[in-house]
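Next up is one chain by itself, shown in structure tokens, the form predicted on its own.
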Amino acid sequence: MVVKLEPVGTEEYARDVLPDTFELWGDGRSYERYVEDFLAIASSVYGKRRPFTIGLREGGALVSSCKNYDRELRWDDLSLRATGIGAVFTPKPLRGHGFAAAMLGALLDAERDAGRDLAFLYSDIHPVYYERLGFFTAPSRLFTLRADALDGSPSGARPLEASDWAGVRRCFEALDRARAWSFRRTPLVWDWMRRAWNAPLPAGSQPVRLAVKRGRSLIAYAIGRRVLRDDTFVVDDFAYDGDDGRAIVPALLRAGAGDLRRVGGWLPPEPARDAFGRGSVRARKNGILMFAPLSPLGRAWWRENEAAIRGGRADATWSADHV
């Protein structure tokens, strides 16, 4: 029996995989929108850097598949090559035969041989499955706080404009420098994230893109969505530059919430975690972050940072890093 790991063409993946995964990861979108969002990423420069969709074949038939994201992890002045694994899927009639485990094992071996330092994923199933393949689990949490607990004074926020994106990136990088390590946002990664943020939202959700300037300089921004059924402003990303930027974050998030009662989302990393009120924090049931060190450098990074990652009061990555 011949088992082969290989790229899956965009058309084949859209035809044979997306109809089955839509129920799992459609996230309120129409099927047409779900397919369009996939095609937009797959056809982007970022999606074409490496095979974006790969799979395991048995006798020529696709029996398991996943997406493969190219990322870079900054550790102080070092750069680690990382691969993000997303949308691991096996059709229901083929489950229980070990196809996904075989595919992931072959992928990790191939990435190790190619000089990659680590792999990461966000699990939507019990982490033990991936721990058996060599992944380690990191705390993955949600925060919620009352909007009226935030500073209600005028923030000076206005809608984010196309000309603001250079300032957005500068703000993020200023905040990011305070961290010992992070996933680096290259221009291609920023392009991928902007595509995701600009995609149409499901009915009942409203996009929020806010920026605050002092003079001509952007000092803080917030990106998220107002989810009306949950009465919540869900924060996907925010950053600030300098003390003035940090001080304005609570009022900025309050402005994003408007007349909604709550502000929430994935618990952000330090130091952003401390830029707003404490609120309540609880573990996520999906999107659980996991790492698999592959190289000596990757293992050294994990040994150095494991205790801080697992014991930290903030999460290790932004929700925008989710793959």
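Start at 1 with the first residue shown and count on from there. Not measured: the values here are computed from a predicted model.
Just so it is clear, the following notes concern the form predicted together with a small molecule, a form of the same protein that is not shown.
| message | Under a 4.5 Å heavy atom criterion, is Tyr129 part of the interface with the small molecule in the model of the complex? | response | It does: once the small molecule is placed as it appears in the model of the complex, Tyr129 has a heavy atom within 4.5 Å of it.
| query | Is there any non-hydrogen atom of Ser123 lying within 4.5 Å of the small molecule in the model of the complex? | reply | Answer yes; at least one heavy atom of Ser123 falls within 4.5 Å of the small molecule in the model of the complex.
| request: Report whether the minimum heavy atom distance between Gly96 and the small molecule in the model of the complex is within 4.5 Å. | output: Residue-level check for Gly96: yes, a contact with the small molecule.
| query | With the cut-off set at 4.5 Å between non-hydrogen atoms, does Trp25 touch the small molecule in the model of the complex? | reply | Yes.
| message | Please tell me which of Ala101, Ala196, Leu188, Leu201 lies within 4.5 Å of the small molecule in the model of the complex, judged by heavy atoms. | response | By the 4.5 Å heavy-atom cutoff, the listed residue in contact is Ala101.
| Single option in Val88, Val227, Ala157, Ala147 placed near the small molecule in the model of the complex, where near means a heavy atom within 4.5 Å | Looking at the other structure, the residue within range turns out to be Val88.
| message | Tell me which stretch of 171-179, 203-211, 111-119, 129-137 has a heavy atom within 4.5 angstroms of the small molecule in the model of the complex. | response | In short, 129-137.
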